[in-house]
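Before any questions on binding or motion, here is one chain by itself as structure tokens, the form predicted on its own.
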Amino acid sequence: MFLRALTLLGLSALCIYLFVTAPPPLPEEGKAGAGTTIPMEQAFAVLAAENDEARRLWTQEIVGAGKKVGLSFDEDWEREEVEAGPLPALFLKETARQMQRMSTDLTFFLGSDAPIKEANRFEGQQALEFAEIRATGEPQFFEDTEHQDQVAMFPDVASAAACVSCHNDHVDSPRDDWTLHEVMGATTWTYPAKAVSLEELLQLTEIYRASTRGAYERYLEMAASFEDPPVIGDQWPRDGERVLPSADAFMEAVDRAVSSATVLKLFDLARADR
């Protein structure tokens, strides 16, 4: 059923929706894919793919390239006297905080069994599921019967040497032996429905992207108040100057990256549904 709906929608229509903006609601009668339901496990996989791409862009193009032109990024970035932006994990945290301010039941956070901040430690069923992730490296999907939520946990891997050294050297870290490519934690998503329509899934992706934009705009607001503020416009730190892309420029790049990932993920799911 999912494959038929995706075929009816068409790659071009899907790309327009994802690359630009969501069209106005269509009438229920005759709407492509109107009767299709997508298991939340598959919907979570689409959202996780978007999050991976957005976080990669932030890590490489803002943090990595920014440090080379004199921009700073720090765990205390929110303190008034600290002129810095959020580290990658903290940009994810700010994105999640922006999402919590919206009228949505979708939530996500980054946790671990050995976090720097004790509040990020997995407990109960999540701790058990994360133990399975650490053993297998595979995502885990389950139902939180206490809160009637569907839950997905995706492994968060130490993909860069800076991630490893930051955690190993941190005074509050319970471990100092992290290694490259080790599973350090898991991005955990929750949503109350067991399935969503294709239109609802696309709406959830828009919520995620709006949250990403909100997180980036907060950083820009703080950067504008620095003693030596970076120039905000169309250029990126990779251009070799102390600059930052505007919110529009950053989100255009995010949309290009995550939309490609989402289209590919949807077609992967469609093929698996055959």
Ligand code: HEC
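Numbering starts at 1 and runs along the sequence shown. Bear in mind the structure is a predicted one, so any value in this text is a computation, not a measurement.
Note that the form predicted together with heme C (HEC) isn't included here; everything after this is about it.
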| message | Looking at Ala84, Val157, Ala193, Ile133 here, can you tell me which has any non-hydrogen atom within 4.5 angstroms of heme C (HEC) in the model of the complex? | response | Val157
| request: Just give me the single entry in Arg209, Arg218, Arg55, Arg242 that has a non-hydrogen atom within 4.5 angstroms of heme C (HEC) in the model of the complex. | output: Arg55
| field | Complete contact of Glu41, Ala48 and Lys265 with heme C (HEC) in the model of the complex (any heavy atom, 4.5 Å) | value | no
| task | Check whether Val171 has any heavy atom within 4.5 Å of a heavy atom of heme C (HEC) in the model of the complex, and answer yes or no. | result | no
| request: Report yes if any heavy atom of Leu110 sits within 4.5 Å of a heavy atom of heme C (HEC) in the model of the complex; otherwise report no. | output: yes
| message | When the contact criterion is heavy atoms within 4.5 Å, does Leu204 count as touching heme C (HEC) in the model of the complex? | response | no
| Can you check whether Arg175 is within 4.5 Å of heme C (HEC) in the model of the complex, heavy atom basis? | no
| query | What residues of 154-187, in sequence order, lie within 4.5 Å of heme C (HEC) in the model of the complex by heavy atom? | reply | Asp156, Val157, Ala158, Ser159, Ala162, Cys163, Cys166, His167, His170, Met184, Gly185
